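Just one chain follows, in the form predicted alone, and it is written as structure tokens.
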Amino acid sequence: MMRLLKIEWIPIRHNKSIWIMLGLYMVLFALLSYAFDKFEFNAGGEGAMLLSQFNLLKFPDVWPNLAYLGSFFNLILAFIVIMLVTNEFSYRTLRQHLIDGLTRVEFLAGKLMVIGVLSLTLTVFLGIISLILGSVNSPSGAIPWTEGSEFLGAFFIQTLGYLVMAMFFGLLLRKAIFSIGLFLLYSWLIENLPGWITGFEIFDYLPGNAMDELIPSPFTRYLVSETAPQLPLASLVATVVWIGVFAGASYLLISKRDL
């Protein structure tokens, strides 16, 4: 395991673009988390409403709310993973690794380890930000800070899912610009078309939709009901299944194709 991580660390250490994107992720997320309840949103007939009136950053609400905010930043992480995968083909480092004795299974395992470490690191970062802001914005006294923290786990699974899917697109097309383009087209349009056309709920369990549904939007909940959000188990199961599907499909790509 450590050998594979060392191999993966070499190109990451010297890639300024990746570090800039990670830094941008952390800075933007921290700033927007702090300002999350200071924005206004259009509430239809009720006009513009300040989010601060809902106290979005108190315990236990801070967990699902910041997890929802963090889900929008997964696109940056997907770009990073696509760059890491496609650079192996652009710079022919994968071929050299295979010549040096690395197996195709080890190559895939190394990329999955990087994805796991990246997902875990940013989940911990989200957790720290949530703890700080939740402590500052919650009333004094007994604070049920652990309540709702299961959405931290949901964020980890969601991030893992997006990144494994991004890895698959990178392996499929091998060129960063094409992989990113298809990833965006699929996530934003192709996957949603069947649901828009038919209205069948079964399409909610396609990979991107299932991952998105893991962490529900807080805004509708605050307008309609004050009940605590529930972790959607069906979306959780679907996401875990899709992680396995994309990992398996990635294995088939690298095992059957000429590298």
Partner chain sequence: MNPVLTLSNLSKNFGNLKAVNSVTFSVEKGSVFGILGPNGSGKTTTLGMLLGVLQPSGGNFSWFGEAPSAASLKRIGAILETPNFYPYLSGKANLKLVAAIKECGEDRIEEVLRQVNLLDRAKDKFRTYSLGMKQRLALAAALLNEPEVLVLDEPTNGLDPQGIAEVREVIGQIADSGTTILLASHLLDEVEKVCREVAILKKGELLYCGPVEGVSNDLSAQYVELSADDLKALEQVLSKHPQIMRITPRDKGLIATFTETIHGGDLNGYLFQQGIVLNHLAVRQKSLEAQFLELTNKNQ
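Positions refer to the first chain, counted from 1. Since this is a predicted model, take the numbers as computed values, not measurements.
There is another form of this protein, the form predicted together with the partner chain, and it is not shown here; the text below is about that form.
>> My question is simply whether Leu102 lines the interface with the partner chain in the model of the complex - judged by any non-hydrogen atom within 4.5 Å.
In response: Judged by the heavy-atom cut-off of 4.5 Å, Leu102 is in contact with the partner chain in the model of the complex.
>> Given that the partner chain is not shown alongside this chain, does Arg174 nevertheless sit within 4.5 Å of it in the model of the complex, heavy atom to heavy atom?
In response: No, Arg174 stays farther than 4.5 Å from the partner chain in the model of the complex.
>> Can you work out whether Ile20 and the partner chain are in contact in the model of the complex, taking contact to mean some heavy atom pair no more than 4.5 Å apart?
In response: Ile20: no, not in contact with the partner chain in the model of the complex.
> Using heavy atoms and a 4.5 Å limit, would one call Ser135 a contact residue for the partner chain in the model of the complex?
Replying inline: Ser135 lies outside the contact set for the partner chain.
> Based on heavy atom distances of at most 4.5 Å to the partner chain in the model of the complex, which listed stretch, 89 to 97, 69 to 77, 115 to 123, 175 to 183, is the contact stretch?
Replying inline: Selected stretch: 89 to 97.
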